[in-house]
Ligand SMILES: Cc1ncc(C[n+]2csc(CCOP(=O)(O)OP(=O)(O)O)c2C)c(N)n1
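A lone chain, given as structure tokens: the form predicted on its own.
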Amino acid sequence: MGILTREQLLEIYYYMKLTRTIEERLTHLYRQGKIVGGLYRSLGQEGESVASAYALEPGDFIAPMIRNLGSLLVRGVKPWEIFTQYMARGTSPTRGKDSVVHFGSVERGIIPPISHLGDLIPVMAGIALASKMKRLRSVALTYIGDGGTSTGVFHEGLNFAAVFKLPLIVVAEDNGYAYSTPKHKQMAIENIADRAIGYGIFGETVDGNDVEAVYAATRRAVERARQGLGPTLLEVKTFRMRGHAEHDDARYVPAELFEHWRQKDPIDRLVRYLRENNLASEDDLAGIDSRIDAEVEHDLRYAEQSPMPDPSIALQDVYYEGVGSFPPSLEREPTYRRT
């Protein structure tokens, strides 16, 4: 370490700890039956989401996946938006029409994720292409899991970006499992970054639980993108300390593997570094923790007191291609928009 300033490291600590605290509250809500849909935690992976997003600048675009909550917080998303979204409240970013983190914000440069793994790669390649055509400095960054790098759409999107040297960064999260399938059963290579060779682009592998290593590698990718040198495939080695979702007990993962990665926890690791290098006192860390607890409790209370969605807006902002026909009752609904 040594690239980031003390203030930057403390800010990264804040975002990582905020991510974990929010997800802990979400777990309680899930067990109370207050979450609509599934819950997909990033426990153990908070560092790479926060550090990669932290390396971007205003004007850049980011497309997270369901476990990149940390990157959303770095881009300005507030805890109340997360709580109301998971609880499908009428005050949520999607007004209760979707769950998890399936929402975006053009103003904050956030492209909403979708459940089809890999499909964000060509979408973000398109945004990178627009940036290049408009001669902007904007960089597009998105994430993919190790299993997603075996999909056809991942190849098509990254190959397109490589041919046109687009300012695209793809962070490939190698956490060893594609749902319950171990990596060695879904690809014949050790490092995902090796796939960059096939596209003729730059590839790099870093320790995903080392926040400064992730930040530095992302900054290098950003600079290459702004210089017109094309996309980067950045592989981060990390580990998901939960199952695929809260309904998955991950019994297929050996206990010793969990213990191995528990020793490399990104938050504990950063705290040790801050203490050993006299960059933060106990009061500094306690102050940040108290601030997080207050923010989270305030926003959670707001979410729990928020109303459920108004049924009358259910059909607003709904688009369709005109294939087939709606039931007569829906055809009369004036809030549908035809494309």
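Sequential numbering from 1, following the sequence displayed. In this text, all values refer to a predicted model and were calculated from it rather than measured experimentally.
There is another form of the same protein, the form predicted in complex with the ligand; it is not shown, and what comes next is about it.
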*Quick check: do 38, 102 and 113 each get a heavy atom within 4.5 Å of the ligand in the predicted bound form?*
no
*Within 4.5 Å of the ligand in the predicted bound form, heavy atoms considered, which of 75, 132, 244, 165?*
244
*Would you kindly say which of 250, 123, 117, 216 lies with a heavy atom within 4.5 Å of the ligand in the predicted bound form?*
117
*Look up in the predicted bound form whether residue 175 has a non-hydrogen atom within 4.5 angstroms of the ligand, and give yes or no.*
yes
*asked:* So, residue 96 and the ligand: in the predicted bound form, are they within 4.5 Å at any heavy atom pair?
replied: no
*Is residue 147 close enough to the ligand in the predicted bound form to count, meaning some heavy atom within 4.5 Å?*
yes
*With the partner left out of view, is residue 240 within 4.5 angstroms of the ligand in the predicted bound form by any non-hydrogen atom?*
yes
*For the chain seen here without its partner, which of 77-85, 138-146, 123-131, 194-202 has a heavy atom within 4.5 Å of the ligand in the predicted bound form?*
138-146
_Stretch 57-72 - residues with a heavy atom within 4.5 Å of the ligand in the predicted bound form_ = 67
